[in-house]
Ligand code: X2X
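First, one chain by itself: the form predicted alone, in structure tokens.
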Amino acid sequence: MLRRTFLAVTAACMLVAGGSAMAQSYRTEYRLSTVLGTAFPWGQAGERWAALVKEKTQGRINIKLYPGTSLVGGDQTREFTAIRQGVIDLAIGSTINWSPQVKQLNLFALPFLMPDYKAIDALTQGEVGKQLFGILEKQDVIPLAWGENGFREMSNSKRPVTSPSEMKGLKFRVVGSPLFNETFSAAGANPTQMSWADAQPALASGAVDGQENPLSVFVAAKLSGVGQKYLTLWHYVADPLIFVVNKEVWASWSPADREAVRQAALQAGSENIALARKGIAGSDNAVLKQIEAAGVTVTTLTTEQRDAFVKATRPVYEKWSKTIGADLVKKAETAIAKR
């Protein structure tokens, strides 16, 4: 009897000690990176994920949001490398910004691949999305969920744009990806790469004439106030977001907490997609009305006008399909056709 009591006490002590060791392996705080802050759906997704993780892990995992890619000096193209190196613990990253390191993510930036939101969903929520997650897992990150920044539309300070010829002479800020440079060059414009932090001052000063971004960014950043008076809706590329965790950080958590973080990401991602499309998708055009009320001329391309841009940028599509992987592009085209 005495021996059984002694063994029970010993086992209990070992359990407590093991629990303490596990608790001590958790950091006081984990760093979450996003490009945009909480004025935007992207930053709000980060805030929401952090809150859900804290709730679902009973406070064992605490996350601090670092917007503006401040952990890498504002250079969003360095974010993915920083996650792999452990400088960043978690991130909600753009497929565009991570594409220099993961070439397959350029899929979403192929000009005019995805004509509508159902096409985006056909990729992210299907076999293509699973394949891309598998590729990311080999890069020392754990992908958990998809989010969305949205279709990227074009604006400028000079004139309405309905054809490639009307883009001639216009200087556009584009993200730091050669695919975007080539697409805008093929469409007739003069692209220049710069970070988002540098873009708004450049627009305000007239150093660049235009930019391309989702409508939620156009509104939240108040781009109508920096000369962007002409907006063209052309749905030329979309920008899905990916919720990820550094591989070593992921491994340091208990299985139960890993599942809690995953479920939090799935919930935050679903809410983010709904928010990114609010006032834009389907018959809900509240965001467009808000933009027009700010004095912006909104132009929606006809099928014929859009086809002219598709034709102009087709050589870029075909060139980059080889870089991305012909099989993956074909799988994406098939999924979209079946949507």
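Note that residue numbering begins at 1 and tracks the sequence as displayed. Just so we're clear, the structure is a prediction, and the values are computed from it rather than from any experiment.
Omitted here: the form predicted together with this ligand. The next part is about that form.
Engineer: When this ligand is placed as it is in the predicted bound form, which of 268-276, 299-307, 33-41, 58-66 ends up with heavy atoms within 4.5 Å of it?
Structural biologist: This holds for exactly one stretch, 33-41.
Engineer: Could you tell me if Asn213 has a non-hydrogen atom within 4.5 Å of this ligand in the predicted bound form?
Structural biologist: It does: once this ligand is placed as it appears in the predicted bound form, Asn213 has a heavy atom within 4.5 Å of it.
Engineer: Is Arg152 one of the residues lying within 4.5 Å of this ligand in the predicted bound form, judged by heavy atom distances?
Structural biologist: Looking in the predicted bound form, residue contacts with this ligand include Arg152, since a heavy atom lies within 4.5 Å.
Engineer: Asp239 versus this ligand, in the predicted bound form: is there a non-hydrogen atom within 4.5 Å?
Structural biologist: Flag for Asp239 set to yes.
Engineer: Taking the shortest heavy atom distance, is Asn97 within 4.5 Å of this ligand in the predicted bound form?
Structural biologist: Contact check for Asn97: yes, within 4.5 Å of this ligand in the predicted bound form.
Engineer: Could you work out which of Thr124, Asn106, Gln76, Asn246 is the residue within 4.5 angstroms of this ligand in the predicted bound form, going by heavy atoms?
Structural biologist: Filtering the options by heavy-atom distance leaves Gln76.
Engineer: Among the candidate residues Phe218, Trp253, Phe172, Trp196, which is the single one with a non-hydrogen atom no more than 4.5 Å from this ligand in the predicted bound form?
Structural biologist: Contact check passes for Trp196.
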